[in-house]
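Below you'll find only one chain, the form predicted on its own, shown as structure tokens.
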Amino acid sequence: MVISGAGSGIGRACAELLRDRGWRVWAGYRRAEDGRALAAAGFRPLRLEVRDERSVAEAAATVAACCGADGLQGLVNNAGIAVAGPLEFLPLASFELQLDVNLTGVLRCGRAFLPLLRRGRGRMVNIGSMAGLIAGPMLGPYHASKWALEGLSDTWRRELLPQGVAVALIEPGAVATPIWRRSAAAAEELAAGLPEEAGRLYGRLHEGARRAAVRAEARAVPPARVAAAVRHALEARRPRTRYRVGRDARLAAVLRWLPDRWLDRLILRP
């Protein structure tokens, strides 16, 4: 079992739950301090920088050397970041970074580990978001990455089903993880560097998004809830294709069918 982004949050919760259920967990990390912490906790730390083709290939080779003919039973594509800001003024490099981690990173890992999954008749689980169901202002890069992940996961599921590799997508709502603190700090840093015109045009939306994030964080579910869905996707005889975790994710799945103009007014209300 390989989990990307296992240093904290959802990835760490998945690693702990699956380890306790008897899985041999390769816990992917990017920062050296996370690797040391994972090793101290009894995991097999795996250097896995999803933006780096060489790092992903080396990680796959490391796992292949240990798995042998048995192959790999599971891959959880969890590594992700959240970039916020108005699309008009957002630096293009920030948008590209968002897609590189949340979307292309999943593709890199999937391609690298797929031969092992095929050998082990394993399963791929991608961590999406309710942000891939319904979109709001100021989080355009994040929404774009998660909407695209919906399509990527659907395509992969249909391509790999004849080969015996099942693909599931987890769509959590707000989850109590460090991503809130990190993304909020990054958003404030970005906003501080934007031109004055950006504040004039988008200041109200920025403040509204900030308040919405505070409300969402207050009702966020623990990462263990998401880990339980991942466990089911990996272990169930007939796993679902999608798992919506949290009341807000289930609500988003309903609201997405409203007429666009109604949904615009609902999202933009003060």
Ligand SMILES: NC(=O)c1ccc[n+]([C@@H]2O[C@H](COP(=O)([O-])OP(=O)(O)OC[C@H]3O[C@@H](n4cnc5c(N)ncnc54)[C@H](OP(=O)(O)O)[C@@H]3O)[C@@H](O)[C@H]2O)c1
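If you're wondering where the values come from, they're calculated on a predicted model, not measured in any experiment. For every residue, the number given is its place in the sequence shown, counted from 1.
Separately, the form predicted in complex with this ligand exists; it is not shown, and the next lines address it.
- In the predicted complex, no heavy atom of residue 27 sits within 4.5 Å of this ligand.
- The closest non-hydrogen atom of residue 210 lies beyond 4.5 Å of this ligand in the predicted complex.
- Within this chain, residue 113 is remote from the site of this ligand in the predicted complex, having no heavy atom within 4.5 Å.
- Although the partner is absent from this view, residue 50 contacts this ligand in the predicted complex, with a non-hydrogen atom inside 4.5 angstroms.
- Shown without its partner, this chain lists 174, 194, 134, 166 as candidates; in the predicted complex, only 174 has a non-hydrogen atom within 4.5 angstroms of this ligand.
- Partner contacts here mean any heavy atom within 4.5 Å of this ligand in the predicted complex, and among 138-146, 86-94, 154-162, 68-76 they occur only in 138-146.
- Taking a 4.5 Å heavy atom cutoff to this ligand in the predicted complex, the contacting residues in 127-147 are 127, 128, 129, 142, 146.
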